[in-house]
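Just one chain follows, in the form predicted alone, and it is written as structure tokens.
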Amino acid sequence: MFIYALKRLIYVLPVAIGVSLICFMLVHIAPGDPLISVLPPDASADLREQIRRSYGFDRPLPIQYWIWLKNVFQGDFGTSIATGRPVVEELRKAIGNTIILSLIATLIGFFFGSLFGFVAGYHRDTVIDKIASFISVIGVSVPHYWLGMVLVIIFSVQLGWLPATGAGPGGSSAWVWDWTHIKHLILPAITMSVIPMGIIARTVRALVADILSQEFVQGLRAKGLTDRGVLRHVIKNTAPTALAVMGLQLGYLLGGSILIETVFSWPGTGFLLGQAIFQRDIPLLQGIILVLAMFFVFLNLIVDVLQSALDPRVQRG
């Protein structure tokens, strides 16, 4: 187990270096001047050169990359061009809010996706299977930003049950685990959970249907094992793959929540990423992409290790 985890960690290192290199090169491959937002329209050539030197853009690319990477390891992601504040300060609250939203959405999607998948797989080729499969297909097909707007119209505008925007009363970005703040979480979490719910449901349905058709299940029933006992074996064989899919969906939600966070004005990394794009705030953009990419890489590492612990065949493979 330890050797397998060590090998997976070694595989992660070149991926992490490649991601950091791509994030660094954003400054140079993006069209236009990255300093345009901090320079006045009538800036002189001397002022432009002075600002360029202050951001280190006058040095060779390898030296710039080395300095930037060294600062990143020290926790210094640079300074936001738009606000003038350290990127770390901009990211701290946003990352926490995105993690909370993504975790809740993934748990909702995993619970209902597993439920629909097991029901459909256990009752395959029946009306129950068709209904559960139809719900999962709808979950994958419906645009989540459109669903978010529909939920806002129904539950916020017409019924007035839930708030439409923000993470707290008055547009607060500080999260507290109380009912006032949880009400702001319900609509975006449900909206984000629809796609992983559909993907997990379809995956679990296929796994359960395949496992139930295998010979060892028929052998268990021939020995007199009850349906509950057979179900325990089915769950045990389904869990590693379902866990891997859940981990991937959590990674996608952490990095791909820009539309949902924009619709609900949720103060997370997706909302911050949208602002950085429109303001051409390259240091902030680099920091967000790097952090989200590292989250995704190391989340996959954790899922691989947990999957190998649940299913030793993964290590042998």
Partner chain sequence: MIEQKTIPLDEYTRSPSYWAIVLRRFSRDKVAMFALAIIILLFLVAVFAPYIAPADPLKGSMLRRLRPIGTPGLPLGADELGRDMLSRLIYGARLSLFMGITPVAIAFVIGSSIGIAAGYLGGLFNSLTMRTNDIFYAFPSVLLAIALSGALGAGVTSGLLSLTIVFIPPIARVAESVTTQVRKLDYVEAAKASGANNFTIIRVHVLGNVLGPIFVYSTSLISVSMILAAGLSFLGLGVKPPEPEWGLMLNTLRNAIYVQPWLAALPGVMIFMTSIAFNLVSDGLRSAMDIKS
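Numbering follows the first chain given and starts at 1. Since the structure is predicted, the reported quantities are computational estimates derived from the model, not experimental observations.
What comes next is about the form predicted together with its partner chain, which is not displayed.
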* Asked: Of the options T126, T180, Q74, S141, which one has a non-hydrogen atom that comes within 4.5 Å of its partner chain in the predicted bound form?
  -> S141
* Tell me, out of L91, I81, A164, V119, which residue has a non-hydrogen atom within 4.5 angstroms of its partner chain in the predicted bound form. => A164
* Asked: Quick one: is L231 in contact with its partner chain in the predicted bound form, heavy atoms, 4.5 Å cut-off?
  -> no
* May I ask you to check whether C23 falls inside a 4.5 Å heavy atom distance of its partner chain in the predicted bound form? => yes
* Asked: So, in the predicted bound form, is A293 in contact with its partner chain at a 4.5 angstroms heavy atom limit?
  -> yes
* Is S213 close enough to touch its partner chain in the predicted bound form, meaning at least one heavy atom pair within 4.5 Å? -> no
* Structure fact -> Here the chain appears without its partner; judged in the predicted bound form, the stretch of 102 to 110, 147 to 155, 185 to 193, 238 to 246 with heavy atoms within 4.5 Å of its partner chain is 147 to 155
* To do: Could you tell me if all three of Q64, P86 and L299 have a heavy atom no more than 4.5 Å from its partner chain in the predicted bound form?
  => no
* Which residues in 265 to 298 have a heavy atom within 4.5 Å of its partner chain in the predicted bound form? -> L273, I277, R280, I282, L285, I289, L292, A293, F296, V297
